[in-house]
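The chain below stands alone and is given in structure tokens; this is the form predicted alone.
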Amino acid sequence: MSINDIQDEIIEEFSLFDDWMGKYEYLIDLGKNLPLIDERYKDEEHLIKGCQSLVWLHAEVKDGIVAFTADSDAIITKGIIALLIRVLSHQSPEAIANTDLYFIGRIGLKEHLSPTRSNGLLSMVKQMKLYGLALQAK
């Protein structure tokens, strides 16, 4: 499934909720179902800088496809990284590096986060795209 297909799917899912309380609950559920990062990657090297919460992110390439794993100490943040992984994992490094993550604006995520969480969201996106760039160069 393409990045845009997944983004469209997420936009449709979020449109089913009448208010942001429902959307937050959905984010929390997504975070609970996030496949956890291997404990050995919960280190300083895999920590995303710029997040208020602790967020660890690891990327691996197999047969030209990137697989992300992550974890966070905050439940909403864990849901946000789960959404990003859903969109960007199992894609090529080029697709990750060059994608426009329009779903973030369409579901209203950024404006419904605190300024520090919003900065964290941008840091997560930036780090995932940097992984795409770095892995593309290999």
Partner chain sequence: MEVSTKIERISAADVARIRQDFPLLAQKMNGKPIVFLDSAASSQKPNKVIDAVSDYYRKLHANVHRGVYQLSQDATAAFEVGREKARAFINAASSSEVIFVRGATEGINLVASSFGRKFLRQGDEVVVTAMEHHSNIVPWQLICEEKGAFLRVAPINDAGELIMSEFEKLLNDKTRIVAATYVSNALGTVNPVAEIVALAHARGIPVLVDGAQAAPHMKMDVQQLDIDFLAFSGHKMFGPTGIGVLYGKEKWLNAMPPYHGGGEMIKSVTFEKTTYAELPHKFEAGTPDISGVIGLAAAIDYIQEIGQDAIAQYENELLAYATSRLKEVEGIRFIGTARYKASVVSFIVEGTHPYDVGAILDKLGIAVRTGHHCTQPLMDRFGIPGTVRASLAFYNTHDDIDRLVEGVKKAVSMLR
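Remember, it's a predicted structure, so these values are computed and weren't measured experimentally. Rigid core here is just the name for the largest C-alpha set that superposes within 1.5 Å across the two forms. Positions refer to the first chain, counted from 1.
One more form of this protein, predicted together with its partner chain, exists but is not displayed; see below.
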query: Interface residue in the model of the complex among Ala95, Ile76, Ala67, Leu47, criterion: non-hydrogen atom within 4.5 angstroms of its partner chain; finding: Ile76
query: Residue (of Ile37, Leu101, Ile28, Val61) lying close to its partner chain in the model of the complex, criterion heavy atoms within 4.5 Å; finding: Ile28
query: Cys51, heavy atom within 4.5 angstroms of its partner chain in the model of the complex; finding: yes
query: Contact of Asp43 with its partner chain in the model of the complex (heavy atom, 4.5 Å); finding: no
query: In the model of the complex, Arg117 touching its partner chain (heavy atom, 4.5 Å); finding: yes
query: Heavy atom of Met21 within 4.5 Å of its partner chain in the model of the complex; finding: yes
query: Cys51 C-alpha moves between the shown form and the other one by 2 Å or more, core aligned; finding: yes
query: Direction of C-alpha distance change in the model of the complex, Cys51 to Phe14 (at least 3 Å); finding: farther
query: Sense of the change in Cα distance from Leu27 to Ser118 in the model of the complex - at least 3 Å versus the shown form; finding: farther
